[in-house]
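Here we start with a single chain on its own, the form predicted alone, put down as structure tokens.
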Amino acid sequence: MSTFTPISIADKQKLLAELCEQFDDAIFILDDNLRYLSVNASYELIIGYSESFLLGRPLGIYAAEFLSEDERAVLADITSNLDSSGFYENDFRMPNRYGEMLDCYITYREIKMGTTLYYIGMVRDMSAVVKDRKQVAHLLNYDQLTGLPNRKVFLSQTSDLLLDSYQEVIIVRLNIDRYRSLASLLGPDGVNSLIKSFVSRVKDLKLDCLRCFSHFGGDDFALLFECSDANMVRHQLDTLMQMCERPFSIDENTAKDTNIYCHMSVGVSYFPEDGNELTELLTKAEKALHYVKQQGGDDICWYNLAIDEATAGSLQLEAELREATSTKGQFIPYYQPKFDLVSGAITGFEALVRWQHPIRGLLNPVHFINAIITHKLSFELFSQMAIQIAEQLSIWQQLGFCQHICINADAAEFSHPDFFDMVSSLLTQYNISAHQLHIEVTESSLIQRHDNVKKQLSLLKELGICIALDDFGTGYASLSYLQEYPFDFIKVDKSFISNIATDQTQYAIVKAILDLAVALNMQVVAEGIETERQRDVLLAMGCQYGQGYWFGKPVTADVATEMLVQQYAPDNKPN
């Protein structure tokens, strides 16, 4: 076993001296007048001066009269603390020889050796740590694409302003209209370029009284104003809207130098008119924003009580619609008859939805159809209607009637993955002939889901279901649709029928449609016939089928059945 030999005082002093010399932290020794006596290599490296230059110089390197005010204040603070406690520590920024500002953590200790007083200082360069902290803070508080303050900062600044301000505080929430479509068109790089251009333009406006311009992400922004009168901001917001009248030119590498018109929806609330609390004011601004978007966008809305009433009504309507689409019995089809203009016989019916509301009574589609689309309940409504129509066709088939029923479908239904399977299963489940079920498609559906609709129509045709193009002539590309899609019927919109007896232009348009249908082996149904004269003119032109109030308004299933019974009574009942 080896023997233990304690270290000598001389060796200990040498080792400690060597340790100080190689220590990563900068170490220096001062006399009682805070003049340099010794520094290690790390201190020389940090401050940029050699030990030989520093020896005998004061802590600030130069005489106090040559130091800045801040530096003199720090030296006074160090002296005061060392005199009272013999210890000092602080974080502060220190310039080195090359003018670089270093973020440092410094400690001073008073040490006496006999009657001699020394001060030992240690400096740790925290610049990298501080830089990392600043980067993290920036990531947490600023949007990386635009460099704007994020939602967290906006809320904090707004909260502080509400506590301290004696003026009116205005919160503005804004979205870029059609952002999803723009993102799809431009791609990630293109839409990012658009957002940065948008932000740059807003900054260039130098809006008066603006306290914060924040980016919540995507197309979502907020502005914070403080002024003596909120009406002063109205002019600023008008300027903001006018900014969008000029197109944004997107980088040619991302969007082929496309000019984009970028419109906005803007919602506003303000303190003290709309409340005192941040959450309340922000909620009201967002309600105003949502209201603008519901109305089509590209506008400014200042919060008012009517918005709350409209919102409450919308929420109630949504809840009622969801209840109605999940249960049977509230949505029912009414049937408007179609007639053979030559014989006057009923050839079929168009099914039109009605809502048997448990409180408000029977409602026409104008009262709820937009809400159905907004809340994405179209397929649920279509399914309920289709089932009832299939049941009715089955009943009529058992009675010996062969008339068809036409149901309307749009893009929302066609795009649903269960659409085709649901329709085809009805034919089997209710044992009805495919040709007795007609489906009407509007031109808007063809525009919105072109490829998907084309596929669905082809599948339906293979089943034997008849397809009709509704409201023909009211869109932009009707003729191309006739070429691309397998329609059996063309329904001429009622806007071309209203004055057909006296208006030569309407007459010529309808005559051209009839001639075109003959050439394409399609049949024509004229909608909106309201007078005998209109019927006669259409009949003379060669139009075979028609519907409208002159023949009959939409009726319940029982009434429609009675109409068919009467048509064949007493001697012409079907076999």
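Residue positions are given as counts along the sequence shown, with the first one as 1. Quick caveat: nothing in here was measured; it's all calculated off a predicted structure.
The discussion below concerns the form predicted in complex with a small molecule, not included here.
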property	result
Option from 529 to 537, 22 to 30, 516 to 524, 43 to 51 whose residues, in the predicted bound form, bring a heavy atom within 4.5 Å of the small molecule	529 to 537
Residue contact check: Leu145 to the small molecule in the predicted bound form, 4.5 Å heavy atom	no
Residue contact check: Asn408 to the small molecule in the predicted bound form, 4.5 Å heavy atom	yes
Gly548: touches the small molecule in the predicted bound form, heavy atom cutoff 4.5 angstroms	yes
Contact of Gln403 with the small molecule in the predicted bound form (heavy atom, 4.5 Å)	no
Contact residue in the predicted bound form, chosen from Glu350, Asp274, Glu168, Glu380 - any heavy atom within 4.5 Å of the small molecule	Glu350
The small molecule: the contacting residue among Gln456, Ser214, Gln392, Thr442 in the predicted bound form [heavy atom, 4.5 Å]	Thr442
The small molecule in the predicted bound form: contacted by all of Gln336, Ile369 and Met385, heavy atom 4.5 Å	yes
